[in-house]
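Presented as structure tokens, the chain that follows is alone, the form predicted on its own.
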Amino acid sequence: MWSDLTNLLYQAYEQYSFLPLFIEIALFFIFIAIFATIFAYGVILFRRWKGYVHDKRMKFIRPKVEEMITEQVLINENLEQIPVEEIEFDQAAINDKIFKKPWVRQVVIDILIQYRKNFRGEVGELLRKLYIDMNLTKDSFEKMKSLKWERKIKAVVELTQMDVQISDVTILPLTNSTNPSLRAAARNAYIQLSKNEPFKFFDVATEPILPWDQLELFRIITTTKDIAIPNFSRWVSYSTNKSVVSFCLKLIAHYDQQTAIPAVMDLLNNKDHYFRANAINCLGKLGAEAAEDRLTKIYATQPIHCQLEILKALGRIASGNNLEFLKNEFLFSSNFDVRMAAARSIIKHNTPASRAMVEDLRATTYEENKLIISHCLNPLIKH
């Protein structure tokens, strides 16, 4: 049989080799197109079959899992009578052989997490206890050992949602992963799970904290209850990771850490002008009156975006010591954005002296500047 097939293929090849070149090329691409079409249909059919099997499995197992969770947690008669940690589950129910299959255990984990997002308090704690008593933590920690980053992320999310501690030896290396998604998930988990030093990963961070990750971290930090907030100036002073320092400046401003002002002022010597702009922005939000003289002295040597941040900072500090400086920038700068920022900062002072200055400028300056002041005075316009 094999010899007949070999002979047939050899004869076909001989006939093919005698054809004109353009026909050989056309036939080659036809064969490629046929193979690609068959392969594509094969992939589609396989995925549909896989989806069909998954849906059929879920229709069978999900009601059983939800029934078990409902009986053991949601309508547990002991929930209101004894502490959660003392409640015992029906061992026959949670040790049913159907819950021993790996894919079923994953379904149980997914449903427990879904329920825990919707239930807090004692019900949420009992869901966590069920997760632990069914030894589902073992499944999650096994995924942590996977070489696939998607499985590691899933494990980190599961353990975080169930408030299960992950050792520093396991989680800290992941906070420096080269994979951005895994890195972000590990950092979020570390902040939520670490009870003593939730920001320890700042010390070892070499990979950047991307802007989107900073938003998510900021949300987690500011909404997590009983989180130990350190003095972020330590990383401003010593960290070599610019994204960590930049993020710490945002946190310093948010938590109004006045003791961090000297460390932030030291950044004004930094060669990176975007870094300086972040520091100036932070000083303004802190209302650092001690920084005003320094800011006005370096103003002339700064690039335009740093100058704009200095003008904004003077408006936020609003000590009244630099109203004349702001007035001069408004009157004599050739840059429209500078004049706009100076006008806003004068108005932000909102003192008798600043209001008198605004009225004087509206009466004496030329038409374009009058329009700028009118624009900045409009409370409906958010700057």
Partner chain sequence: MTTILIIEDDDIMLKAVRNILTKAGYNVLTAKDGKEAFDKMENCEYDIVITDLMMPYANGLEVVSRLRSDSTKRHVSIIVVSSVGNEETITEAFRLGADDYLKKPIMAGELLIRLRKLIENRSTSNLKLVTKKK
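Residue numbers count along the first chain shown, from 1. From a predicted model like this one, the values you see are computed outputs, not experimental measurements.
This next part talks about the form predicted in complex with the partner chain, which is not shown.
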Per contact check vs the partner chain in the predicted complex (non-hydrogen atom within 4.5 angstroms), the hit among 119 to 127, 94 to 102, 167 to 175, 134 to 142 is 119 to 127
Among Asn188, Asn76, Ser239, Ser246, just one has a heavy atom within 4.5 Å of the partner chain in the predicted complex, namely Asn76
With the partner omitted here, the residue among Glu80, Glu88, Asp226, Asp256 that in the predicted complex has a heavy atom within 4.5 Å of the partner chain is Glu80
Q: Please state whether every one of the three residues Phe325, Lys327 and Leu361 places a non-hydrogen atom within 4.5 angstroms of the partner chain in the predicted complex.
A: no
I'd like to know if Arg316 sits close to the partner chain in the predicted complex, meaning any non-hydrogen atom pair within 4.5 angstroms. no
Indicate whether the partner chain has at least one heavy atom within 4.5 Å of a heavy atom of Tyr115 in the predicted complex. yes
Worksheet item: Is the gap between Ile111 and the partner chain in the predicted complex 4.5 Å or less for some heavy atom pair?
Response: yes
Using 4.5 Å between non-hydrogen atoms, is Arg62 touching the partner chain in the predicted complex?
yes
